[in-house]
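Presented as structure tokens, the chain that follows is alone, the form predicted on its own.
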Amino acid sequence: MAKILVAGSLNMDLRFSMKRMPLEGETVLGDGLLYNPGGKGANQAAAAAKLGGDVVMLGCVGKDGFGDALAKSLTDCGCDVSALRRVTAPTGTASIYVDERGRNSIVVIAGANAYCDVEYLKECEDALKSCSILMLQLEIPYDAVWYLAKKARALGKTVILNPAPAPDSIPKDVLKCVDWLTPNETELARLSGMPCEEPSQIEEAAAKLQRAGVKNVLVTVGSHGAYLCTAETSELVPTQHVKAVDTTAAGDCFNGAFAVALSEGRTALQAVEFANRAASISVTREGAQSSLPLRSEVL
């Protein structure tokens, strides 16, 4: 099995449940508050580790209780967190609002994640050299992500970039370093500057990014599954239908599962099918890392 390196954010998620989302200027009564380890980077690392991957996590947390809890959660999932950086800034947080239909809105405060910079990542170069797959997201400073993508490409690593939260653009020299770009429809629309409401539009937008340099585009489309767009094919890989309770971290689960399947030498189609199954389980549970399935459940 190939080693997976994840570089990204670690947040403590504060999950507020309510019957419906408040309108602008409105106050609603919630049903509960939960604290769950999260952050896109940590979620993807946890998902990959719980699914059997050999995972190392790079990122920054504060010297506080939330930081201790996040490191422990990843360790319990099976991640190597020996290279995590502790800083004086408070650990990152995410406030997640979930309605009774499982839909969510999220506000993220970067905190310690802002210190996941190029200087720190240069100190962790041995971890990059020893991995085969690098997973990136966009909740740490962009220049750190761009640096790692370019460095990984120079070292011949497989680069998976989940462009979330979606930026206005990604530099062309970085796009050329990406083996797998994994946006959802909204993120794809923003990056491509094109509507992505219909299947043909999604495929056209993905093709535009491929022409810009990305090798493959994998677009998650919620309950419909994912569009697999490579040089050889452009097809929807459907997923099973389930009753969603909470979609938080579903995309992170998908990405982690996809990386694990690739690390095991599965084909792209097999990897997407595996990722679909994992994500369909995660949405039937509450929370971020607490919703991630074990390998035995997916199989």
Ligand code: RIB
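Predicted model only: the values in this text are computed from it and were never measured. A residue's number is simply how far along the shown sequence it sits, counting from 1.
What follows is about the form predicted together with this ligand, which we do not show.
Contact between V145 and this ligand in the model of the complex at 4.5 Å, heavy atoms?
-> Residue-level check for V145: no, no contact with this ligand.
With heavy atoms only and a cut-off of 4.5 Å, decide whether I106 touches this ligand in the model of the complex.
-> Close contact exists here: in the model of the complex, I106 approaches this ligand to within 4.5 Å, heavy atoms only.
Determine whether any heavy atom of A288 comes within 4.5 Å of a heavy atom of this ligand in the model of the complex, and answer yes or no.
-> Yes, contact at 4.5 Å.
is_contact(G256, this ligand) in the model of the complex, heavy atom dist at most 4.5 Å | No, G256 is distant from the partner.
Using a 4.5 Å cut on heavy atoms, which of L181, L136, I96, L188 is close to this ligand in the model of the complex?
-> For this set of options, the contacting one is I96.
Proximity to this ligand in the model of the complex (heavy atom, within 4.5 Å), stretch among 231-239, 31-39, 263-271, 56-64 = Result of the contact check: 31-39.
Those residues of 164-178 which, in the model of the complex, come within 4.5 Å of this ligand by heavy atom = Heavy-atom contacts within 4.5 Å come from no residue here.
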